[in-house]
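For reference, the chain that follows is the form predicted alone, supplied as structure tokens.
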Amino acid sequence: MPLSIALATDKLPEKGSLIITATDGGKLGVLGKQLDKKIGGAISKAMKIKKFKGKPASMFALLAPAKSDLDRIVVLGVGDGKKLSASDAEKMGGTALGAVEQAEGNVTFLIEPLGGNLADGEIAARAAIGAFLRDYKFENYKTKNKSTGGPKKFTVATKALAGAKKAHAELKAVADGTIVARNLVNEPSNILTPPEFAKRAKALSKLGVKVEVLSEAQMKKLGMGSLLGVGQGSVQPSQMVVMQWNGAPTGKGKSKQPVAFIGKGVCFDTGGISIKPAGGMEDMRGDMGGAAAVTGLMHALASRKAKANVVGVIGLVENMPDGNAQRPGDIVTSMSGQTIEVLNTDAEGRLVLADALWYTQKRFKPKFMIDLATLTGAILVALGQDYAGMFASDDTLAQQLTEVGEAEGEKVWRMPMNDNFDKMINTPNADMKNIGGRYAGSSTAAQFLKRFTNDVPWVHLDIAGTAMGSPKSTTSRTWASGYGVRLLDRLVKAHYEK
């Protein structure tokens, strides 16, 4: 069962476990000092012995403290409270829960006023969200040895309760969207086929999202030979899901032009005829991380009733080797009319996105398009797992993403694009080829996608290192991180809501 997480007014509990904060120099708040006095100075004495300075994420615990009915008291360092960011506050909540994961019963995390740029209510709300995200587990298919024990309730206590509740309502909607994305990426591919993914996206209609599912016949009629070629070796039919959230105010003079997000949804990628090595191929169940992020984003925007018009388009395919599979050397015609020589069937995500991008810009004429894709191993070599690779045709959009990524803790790093990279995907046999050779693999993939954006402001996010197989952090403990949902929700909120 998920942990119950609540907000409450600040007071010292009489029983259970308690976490209190200490700022730089090991300074306790008013209630922390009261507690220390009540238990005979045990906290300040332990600080002195341990040379505890309140640095971020540092902590120590007092078990069964004398003169108290508490099971334990944990002192958690938060550093300079005045410099605490939104991302720091979420990490603080995750760290706090991690400190008491073996505790039983109720836990209270008391956050005293920190006096920074971030309102105390938002700090508490984000701490609760950090705990919520850390508590997430994917155990849908375990019949025994499921996680048991641990706290039954985790309460974040704050003086600014009203502000915390207000902030939490919206943040929880975004966190729920992140969990939607995590669940999709964690699902095994025998369960999450393209039709099943489309069915789950269709469920967003309950939140007010308009959802359409394009069949293979409809895509063929539209000329989507690039996308359809990827899935032709699979018994699972390819799908394209179009999600629309129309939340912007309407009326005279109001623009209905949406912003658009496009996701790569390869539900399993064997590499096709250009088959991948067996070792690690099971990870390719997560090759739909871009589509998962877009679906989670649409869930978040609809749940919090975002005042924006947003389109989400995901191309869902399965890339399998078969007698009918696409062959290296095949030439396909995309919806744009441009022809593509497929030299490597394992460079399939860009083929899916080519038609999805063209369809999106042709039908919706958006202000901008941002695509997300677990596209290249090369981006892992370049950036590791701390940053998504960002390739942009628009400097303003790139700067906005950089800033919101830093604020939200889902970072991006701009990578180069230029004419020389573009020339690397030229071929004498078609308008372009789907690979550019050994070097600059992430950049040539981005140049390929740019040919289908038709001068609409556009950003490509290569999330191969951040969406799946991501390292465990204070707020993400499973293989799937849900990367992209919070980044793009904050972009919409900060710059594109009416």
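Just count from 1 along the sequence shown to find any residue number. Just so we're clear, the structure is a prediction, and the values are computed from it rather than from any experiment.
Quick note: we don't show the form predicted together with a small molecule, though the next part is all about it.
Proximity of N344, R350 and T374 to the small molecule in the predicted bound form is complete: all three residues have a non-hydrogen atom within 4.5 angstroms. Using a 4.5 Å cutoff between non-hydrogen atoms, A378 counts as a contact of the small molecule in the predicted bound form. Among residues of the shown chain, L192 is not one whose heavy atoms approach the small molecule to within 4.5 Å in the predicted bound form. For I435, a non-hydrogen atom is located within 4.5 Å of the small molecule in the predicted bound form, even though that partner is not displayed. Interface residue remark: M468 is counted as part of the site for the small molecule in the predicted bound form, having a heavy atom within 4.5 Å. Heavy atoms within 4.5 Å of the small molecule in the predicted bound form belong, among the stretches 363 to 371, 209 to 217, 94 to 102, 264 to 272, to residues of 264 to 272.
Only one of the listed residues (M284, V404, V332, A308) places a non-hydrogen atom within 4.5 angstroms of the small molecule in the predicted bound form, and that residue is M284. Contact with the small molecule in the predicted bound form, judged by any heavy atom within 4.5 Å, is made by just one of K82, K276, K137, K153: K276.
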